[in-house]
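Take a look at this one chain, the form predicted alone, written out in C-alpha cells.
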C-alpha cells in the first residue's frame, strides 16, 4: 500500500514549501492594522437595498455558511442509500467516524427523549465555530484586501474647517501587475514628525555638547587643584606664573574638542537612523537633516494639504499612511458573531427546558414553594436567583471566551509570521488544535446546559415518592 506522501504529492509539498520560503524572503511580512471590531468595507459594498455597510467578518460568516451548505450536499450525495451499500472511502469515511464518535459521546451525556435536539444543536454549533476558527489558517485571510489610507477628517472649531488627521500606518509600493502592497518594513513618518525629530536631535546634540564641555572644565579645574596642592617650594609659584597662559589655552581647546565630539556623535546617530531607513527602501523619514542641507523645516509640507483618499499609484500616496483593510477576517474574532452564538445557545437552553418541564421550569429560578414551609426556604429562593443570574452570565462567558482565544490566536499568527516569516508552522499547528478545542468546548457546554435544563429539581423527590 502506497504511503500518502509517495509519488507526486511529496514533490508538490516540497514545491509549496520552497515557494513559501521564497515569498517570505522577497515580500516583507505585514502586520495588519489590529482592531477588535470588524472593519467596514469601502463604500459601494453595502447590503442590497439597505444603507448598512458590509464588514469583513460578515463576509467570513457568509463563506462559512456557504461551505456548510456545500458540505451538506456532499455528505447527502455520498451517503449510502441503504445499509447494504458499501460506503465510499476517503473524506466521507473520516467524517462518518467523527460523527458517530461524537454522537456516542453526547449520547452518554444527554441521552433520553431530547437527545436528537441536543445533538443537532451541538453538531451545528461545533461545525460553525470550527470552520470559523480554522479560516485563520487559510493564506490570504486577514492579509489580502483593500489598501486603505489611514486618515480621517476632523473639524477644527477655531478655523471652522475640516482637517485631515493622519494616524499610524505604513508605506506602500507598486508590485506585480500594478498591485499595491503595504511595506511592513517602513512605518510612515509625516514631514512634521521628521522635522521635529531632526530638531530634537539638534537640541540633544547641543545639550550633550554642553554637558561634555562642563565635565571637561570640572576635570581641568580639579587637575589644577591637585597640582597646586601636591607641590612645595618656590618653584610652585614660578611654574604657575610661567605656565598659566599655556595651560588655559590648552584647556580651552580640550573643552571645545570634547563638546564638538559629543555633538557630532549625537548627530551621527540621527543620520545613521535615517540611512538605515533608506537601506530598507523607505521613502519617508529619510530626507537630509537640517544641518546637512541648510533648511530647518519642511515648508512644502505646510503649503500642500494632505490628501484624504489619494490614488495608490500617484506621488500623493507617499504623503499618506496606509494599512491593509482585509476583505475577509475570521468571523470568530468579532464579538457580534460570538455574542450571537452565545445568545442562541442560552435561548435554546431555555426552550428545551420549557419543552421538557413546561411552566414548572420556572421553579428553577423562582422557587418560592418552600419559603414558608422550611427554615431553609430562603436558601432555595437565593439559589434560584443565582441560577437566573448564572444563565445571563453564560452569554458573557461563552462569547468572550471564544472571542478572546481566537482574537489572541490571530494576533499570535500575525506577530510570529512577522518575526519568523520562514518557519511559522508550529504556531499554525497550535492554532489548528486551539480552534478545534474551542469549537468542541463551546458546543459541549451548550449540550450540557441543555441537558441540565431538562432535569427537574424535584426529580429525586418524585423518585422517592414513587417508591
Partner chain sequence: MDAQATIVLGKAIGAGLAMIGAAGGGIGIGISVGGAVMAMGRNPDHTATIQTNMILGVAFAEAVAIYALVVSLIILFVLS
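Everything quoted here is computed from the prediction, not taken from an experiment. Positions refer to the first chain, counted from 1.
Another form exists, predicted together with the partner chain; not displayed. Remarks below refer to it.
*Asks:* Tell me which of 135-143, 104-112, 213-221, 346-354 has residues with heavy atoms within 4.5 angstroms of the partner chain in the predicted complex?
*Replies:* Every other range fails; the passing one is 104-112.
*Asks:* Against the partner chain in the predicted complex, would residue 417 count as a contact residue? Criterion: heavy atoms within 4.5 Å.
*Replies:* No, no contact at 4.5 Å.
*Asks:* In the predicted complex, does residue 427 have a heavy atom within 4.5 Å of the partner chain?
*Replies:* No - in the predicted complex, heavy atoms of residue 427 and the partner chain never come within 4.5 Å of each other.
*Asks:* Indicate whether the partner chain has at least one heavy atom within 4.5 Å of a heavy atom of residue 24 in the predicted complex.
*Replies:* Residue 24: no, not in contact with the partner chain in the predicted complex.
*Asks:* Would residue 62 count as touching the partner chain in the predicted complex under a 4.5 Å heavy atom rule?
*Replies:* Taking the distances in the predicted complex, the answer for residue 62 is no, it never comes within 4.5 Å of the partner chain.
*Asks:* Looking at 52, 436, 69, 411 here, can you tell me which has any non-hydrogen atom within 4.5 angstroms of the partner chain in the predicted complex?
*Replies:* For this set of options, the contacting one is 411.
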